[in-house]
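Next up: just one chain, as structure tokens, the form predicted on its own.
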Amino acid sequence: MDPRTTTSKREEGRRTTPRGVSRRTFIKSAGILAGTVAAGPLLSACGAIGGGGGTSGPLKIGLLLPYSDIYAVLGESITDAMKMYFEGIGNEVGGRTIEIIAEDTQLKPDIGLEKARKLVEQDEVDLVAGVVSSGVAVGLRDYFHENKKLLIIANAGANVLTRAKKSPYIFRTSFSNWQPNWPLGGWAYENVAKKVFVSAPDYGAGHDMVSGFLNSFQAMGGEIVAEPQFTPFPQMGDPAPFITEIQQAKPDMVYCFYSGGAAVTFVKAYGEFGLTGDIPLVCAGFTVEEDVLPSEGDAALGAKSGLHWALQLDNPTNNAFTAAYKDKTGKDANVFAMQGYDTARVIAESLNAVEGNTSDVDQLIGAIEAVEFPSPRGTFKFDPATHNVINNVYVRDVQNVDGELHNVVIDDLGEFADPGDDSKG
């Protein structure tokens, strides 16, 4: 199916555990680019633009996602899960039939802005969702903020969007790049090693994630054995020089962040150079997420990662979601699909609350801020100060489970909200 068709927050952020359940019992049972793209002038003196906003007719949702290049699987996963949720509620919210119009950002900020303008000004969508790349997200910020149009980010984690460039018109249902990494840094210091070599792609998300991890790791007394290694983005090219640099540094531990095709390239090379099982690998969870594990193979075994979800996280909502997604697509769910699923539910719950009325943007913003529900990741809720989701962060271990590689939750670090400033990385 072509997805581009038109259709329907160890101490300050202290760990917490669901009430009445011990933490161990629970565990067992359970980019910013160097310069952003200017958004262009407002289309009228009052700042309003044509399109969207109403109480009747189809509810038009614009999707801005990558359907090509290294993050294509991410875009497809988000799209499939959103459509699955909407189909489960009869493709209707607030009395309006859902219509999805999807566009490929190609991971390029200028293309993302061009497609956003098309969706809003020509297709007259009521709101826009999606966005995978931090660079694309930051490039879109001013357009949506200045034109008072709603953007719900289903992946891109650029910290600045919940900090210096936060906007009342932008929500994020996924994570900030800080969230999976800051709690992981302290955990890795206490449980894995005191010295680390760091590797990540040279774009906004890579720098954000490295900063978050090192902030807590170094605050605990951890040391970095070399300058952080930043590899080319989006295509790493030959990974051999980068893995060789790690090998020669002889670190006690490696921390990395990669995603999509770049994660496969890095992890497979890590194994081919004999580092798997020799130098512990700790990573942002996207590096060994379910979408890339089959291609990474045994090179990923034993990798420890921090993330806000796991395929085998044992709660009723996750069990139902993962089964339905497997039935619909024939594939295991991944974190991107989960985020798409939650994004669709946020849209549905908030639109139902306002009875389908998208013409009063302030009322709709209030409805989105108030959304709370049981999610596959745990309880879903927004931080009203940042419009960023508050996430539980889990430590996961890549293990062989019944003949297949999966991430098994080995620790629950508790609930984390992005700090809303750069004080913690």
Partner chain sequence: MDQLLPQLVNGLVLGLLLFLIAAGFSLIFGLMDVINLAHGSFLLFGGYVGLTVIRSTGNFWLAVAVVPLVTGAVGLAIEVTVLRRTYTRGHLIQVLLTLGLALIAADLMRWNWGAYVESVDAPAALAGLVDFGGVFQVPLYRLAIIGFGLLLAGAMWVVLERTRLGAIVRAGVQDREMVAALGIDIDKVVAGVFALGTALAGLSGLLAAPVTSLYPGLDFDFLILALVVVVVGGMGSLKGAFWGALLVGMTDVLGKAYFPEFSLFAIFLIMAIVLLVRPQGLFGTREAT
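Numbering follows the first chain given and starts at 1. Worth saying up front: this structure is predicted, and the values here are computed from it rather than measured.
What comes next is about the form predicted in complex with the partner chain, which is not displayed.
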Within 4.5 Å of the partner chain in the predicted complex, do we find a heavy atom from each of G237, F242 and V264? yes
Looking at 351 to 359, 316 to 324, 181 to 189, 229 to 237, which lies within 4.5 angstroms of the partner chain in the predicted complex, counting heavy atoms? 229 to 237
Examine K194 and determine whether its closest non-hydrogen atom to the partner chain in the predicted complex is within 4.5 angstroms. no
Just to confirm, E372 within 4.5 Å of the partner chain in the predicted complex by heavy atoms? no
Spell out, yes or no, whether the shortest heavy atom distance between L364 and the partner chain in the predicted complex is within 4.5 Å. no
Taking heavy atoms only, is E272 within 4.5 angstroms of the partner chain in the predicted complex? yes
Exactly one residue in R96, K268, K166, R345 has a non-hydrogen atom within 4.5 Å of the partner chain in the predicted complex; which is it? K268
If the cut-off is 4.5 angstroms on heavy atoms, which of these, A72, I152, I279, M84, is the one near the partner chain in the predicted complex? A72
Give, in sequence order, every residue of 276 to 294 that has a heavy atom within 4.5 Å of the partner chain in the predicted complex, or say none if there are no such residues. D291
